[in-house]
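In structure tokens, one chain follows: the form predicted on its own.
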Amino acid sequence: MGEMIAPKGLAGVVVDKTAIAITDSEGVLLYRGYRAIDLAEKAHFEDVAFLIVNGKLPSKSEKEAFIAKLKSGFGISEDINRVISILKEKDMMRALRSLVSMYPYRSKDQDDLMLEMASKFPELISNAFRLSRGMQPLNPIEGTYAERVYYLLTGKNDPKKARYLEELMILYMEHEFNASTFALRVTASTLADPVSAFTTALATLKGPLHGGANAEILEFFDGFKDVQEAIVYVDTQLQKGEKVMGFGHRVYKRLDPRAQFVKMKLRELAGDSKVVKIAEAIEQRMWEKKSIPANVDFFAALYMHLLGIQEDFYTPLFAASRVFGWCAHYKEQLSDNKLIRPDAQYVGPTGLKF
């Protein structure tokens, strides 16, 4: 077979098959065949996590066993808490990446190990934030997975706001061969263990062109006093040929349905407030000027802010949701594995003498 030259960034290149998630021809994100926004609106996090990892919605007994498995992974080693206190790492993604890679997991079975890792993400994030700032860790509450996560991030037991957070976490859970997932699959293809693969994914997710984007958008909004000032900013950025944070997506060229769902929920939380008006004005201006849609991060940053979640948690929360997608992709990669090792087109010098 002759050499094939792929476009930079592998845009439009199909590199493998997957049964986990896809964006269909109508631009709708599907999880194992179900519309992701339908699942966000009608299902609970545990149901969707089971679906993503196992390929089907759980029965009552399967859901109970899955929740019990997750709960068995709750709790953080005191040795790890001491490490957090010594390091005092303020960058939560750096902290999470390091803690996930060094944690003394108990599970020997690979599937159990991945769920143990996933179950620890929220508490590792919370403890890393609090201990690095001289506060004591929170004692987790009983409740749904989302209620527990909301409490660990805010210190508040608020089932209503936890449900709003749950909807966003479901939409964050999976998105086919995104950068962090593909990086995980490259690592998995070498037959590296799940800890190594998840650490690779976390390192990739940290970048501002991927998961790190949502952490920068709130600062972007804080600078605007009214709609007109926001529009002037957009026009100025475009005139300079620079990006506007929260716009553009490799998959969604006309509409990101996840973004529209979060915008709808944002209106429920904030009504017709100034911040919603500014967001919608920026969205409209970008479409008028460049025909580029808002992506989910654009509205999610405001959404999390209104839920009382600090900016430090935005990307780690993405990770705590996406980790269940990573579980599924690790398993799928190994089910029919081939080492991912592309070639490169060399454009450097030749014939040099030493």
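Residue numbers here begin at 1 and follow the sequence given. Note that the structure is a prediction, hence the values are computed from the model and not measured.
The form predicted together with a small molecule is left out here; the points below concern that form.
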Inset, instruction - Kindly indicate whether 242, 286 and 297 are, all three, within 4.5 angstroms of the small molecule in the predicted complex, using heavy atoms. - result: yes
Legend entry - The single option of 306, 57, 67, 292 touching the small molecule in the predicted complex, heavy atom within 4.5 Å: 292
Legend entry - Listed residue (97, 185, 148, 249) with a non-hydrogen atom within 4.5 angstroms of the small molecule in the predicted complex: 249
Inset, instruction - Counting only non-hydrogen atoms, choose the one of 87-95, 261-269, 137-145, 201-209 that falls within 4.5 Å of the small molecule in the predicted complex. - result: 201-209
Legend entry - Contact label in the predicted complex: residue 318 to the small molecule, heavy atom within 4.5 Å: yes
Inset, instruction - Classify residue 83 as contacting or not contacting the small molecule in the predicted complex by the rule of any non-hydrogen atom within 4.5 angstroms, answering yes or no. - result: no
Inset, instruction - Using a 4.5 Å heavy atom cut-off, state whether residue 253 contacts the small molecule in the predicted complex. - result: yes
Legend entry - Contact test in the predicted complex: residue 238 vs the small molecule, heavy atoms, 4.5 Å: yes
